[in-house]
Ligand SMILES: NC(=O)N[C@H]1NC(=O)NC1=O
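Shown next as structure tokens: one chain only, the form predicted alone.
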Amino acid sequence: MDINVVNSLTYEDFVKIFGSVVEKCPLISAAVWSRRPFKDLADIETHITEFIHSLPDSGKEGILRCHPDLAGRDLQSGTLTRESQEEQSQAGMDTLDSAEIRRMYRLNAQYKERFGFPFVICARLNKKAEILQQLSERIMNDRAAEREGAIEEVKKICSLRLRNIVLSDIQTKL
């Protein structure tokens, strides 16, 4: 997608196309739209990252709360966003055996009880064994370290989703 096309998008079209780069947070793309013109994709990503970093801790945690549990009820019931469905499937979250599902549910519940937000990891860059290992390890972090680590994972997810949008045909999204 040509950056000139991106810069010429109306507010509504920009939010429609880029609204899901941060899970269920179209407000972020809405805020970033006013930063046009963008030089390139990296410039869009920088503005999104700056917006996220400018948020207070409660705002960052709000972003994290928008993410679904990995291998959770939304995956089982088919109610994930299209992007999350693809990412979790690529990581093998839809192929967990019954013991892995029980372990995932238990760890997800412990994690959310400890931190108040769901475990976030860039599923596209990990497989199910790595995800389970990271969940087991990261549950031991303190809240501030885990919040910042989870936000770093959000940024990875955002970066990959932005690249998917750029590589796809913009007309199919309008």
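Note that residue numbering begins at 1 and tracks the sequence as displayed. As the structure is a computational prediction, the values presented were derived from the model and not from experiment.
In what follows, reference is made to the form predicted together with the ligand, a form of this protein that is not presented.
Proximity of residue 161 to the ligand in the predicted complex: non-hydrogen atoms within 4.5 Å are present.
At a distance threshold of 4.5 angstroms between non-hydrogen atoms, residue 123 is in contact with the ligand in the predicted complex. In the predicted complex, the ligand stays beyond 4.5 Å of every heavy atom belonging to residue 21. Residue 68 belongs to the set of residues with a heavy atom inside 4.5 Å of the ligand in the predicted complex. Using a 4.5 Å cut-off to the ligand in the predicted complex, not one of 14, 43 and 46 places a heavy atom inside that distance.
Only one listed stretch (60-68, 139-147, 47-55, 30-38) carries heavy atoms within 4.5 Å of the ligand in the predicted complex, and that stretch is 60-68. Along 70-108, these residues reach a heavy atom to within 4.5 Å of the ligand in the predicted complex: 70, 84, 87, 88.
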